[in-house]
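Consider the single chain below, provided in structure tokens and representing the form predicted alone.
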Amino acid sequence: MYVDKSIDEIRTSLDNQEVTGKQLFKEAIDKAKEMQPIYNSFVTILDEYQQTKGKTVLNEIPYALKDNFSTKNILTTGSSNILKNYVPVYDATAYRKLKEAGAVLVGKTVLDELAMGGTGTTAHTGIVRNPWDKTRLIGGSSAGSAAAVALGIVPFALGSDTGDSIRKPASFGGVVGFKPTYGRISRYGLFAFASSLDHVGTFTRNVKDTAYVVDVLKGQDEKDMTTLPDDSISYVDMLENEIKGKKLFYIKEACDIENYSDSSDEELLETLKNFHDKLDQLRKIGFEIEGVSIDKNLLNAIYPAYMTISCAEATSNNANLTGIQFGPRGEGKSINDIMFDARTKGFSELIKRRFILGSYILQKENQEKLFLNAGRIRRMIVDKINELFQTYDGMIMPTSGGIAPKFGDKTDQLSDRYLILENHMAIGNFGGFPSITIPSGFVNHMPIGINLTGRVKEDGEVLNMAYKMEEILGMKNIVAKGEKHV
């Protein structure tokens, strides 16, 4: 097998003519089809190899793409019934750049419907299962992309991240998930969920592969006015930079084990123990790490502020999904009847609830109390993190409070673990900060991760620190064996 190796290893094999791009493509789609009945990573698996002419390290390297990126002449569903037959007439910029670089698309991956969810269970084609334990979820919304990389079907995949939709599944799948600075990678052609929070990002099995992919994708795009000018920096070249003396902080209210002294949640306690053990290892190679306190009222407000802003923006962004322009035509004698019927049949219950909530938040009489107040909370959180970034080079946290949940597990949504540890990564979306999750160990035979968030526009520095951490944590290039379909 070649597709479960790193980009460097595959590149060497290609250059030495040990394997061809066409053979890699066949290997990837054969493995995708073999695993599909069990794990359901893909909406579409392509059958035809497209000859490439790229001149980058990614030339002839297979990859997967979340099914909310527009791909001309290739089915693009957003994992929603309302778009189940939609075939775009244009390419997303990220997809176009990968084609120009010579990367070879293997298929489009399953997501939570319209990227609104964190479980990988709401797609119109069914649930995505965790490659490490098929009784557990992989997380979402970029569920299929995370699973495809974790299974070794492809060396990298693209996803989107609005609150943690790349970084949380990466932790649950034992892979690397990176969300760059807001605007670093164009969102043109990405189905919008919450435009002020959405980021294009990557899944890989090591940090260097992340740098390779982001080096290709980054840069200004005239079709996306929020994009940043290319910083003209090779992130790959920065990976070996010295990190001695880099200062990191973690949030004591979320991470100090004594805060959970009366907890019976063994997974939480083991995860926090792993986190602090890893911090000790990182200190030995030159990182300076210490805990800081943040007002717990502010931390508890992260999740409600995120839900308020994201639901409001989602309602506005998806107003065009009427059953008239896209998807199966609704039935009825008037336009309103047609729209009502199409949306009733086309959306899952979760999406309907989010749109109703968003509509309520955006009503004139509610905007000040709900939407604008959520924006003020967002600003307070971002200001606090930027204040800390004047002293520290990054924030380091457990990606989650535990391992991937089993399907049907119930969560205490008012607990400290849920409100803070399970939602702190939305800070990266609130402020547009570059943020990466890397595997840090196992609890109960399931992978867990550490998350590192840095200053805006310092993507190269974040990747450099993560690369040095990865060398110490010893979890690079791991692949879940998965069960083969017989």
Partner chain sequence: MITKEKLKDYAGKLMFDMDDKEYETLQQEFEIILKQMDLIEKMEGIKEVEPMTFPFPLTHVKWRKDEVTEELTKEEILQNTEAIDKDQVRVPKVVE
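Numbering follows the first chain given and starts at 1. Owing to the predicted nature of the structure, the values given are computational and were not obtained by experimental measurement.
Below, we turn to the form predicted in complex with the partner chain, even though it does not appear here.
- In the predicted bound form, the partner chain lies within 4.5 Å of some heavy atom of P304.
- In the predicted bound form, the partner chain stays beyond 4.5 Å of every heavy atom belonging to F407.
- Residue contact check for R205: none of its heavy atoms lie within 4.5 Å of the partner chain in the predicted bound form.
- In the predicted bound form, R329 approaches the partner chain with a heavy atom inside 4.5 Å.
- Only one of H124, K97, K246, R378 lies close to the partner chain in the predicted bound form, with a heavy atom inside 4.5 Å, and it is R378.
- This chain appears without its partner; in the predicted bound form, the one residue of Y392, F287, W132, F355 with a heavy atom within 4.5 Å of the partner chain is F355.
- At a distance of at most 4.5 angstroms from the partner chain in the predicted bound form, all three residues Y182, T226 and S415 contribute at least one non-hydrogen atom.
- Listed stretches are 454 to 462, 31 to 39, 44 to 52, 57 to 65; the contact stretch with the partner chain in the predicted bound form is 454 to 462, by a heavy atom cutoff of 4.5 Å.
- Contacts to the partner chain in the predicted bound form (heavy atom within 4.5 Å) from stretch 83 to 117: N85, Y86, V87, P88, V89.
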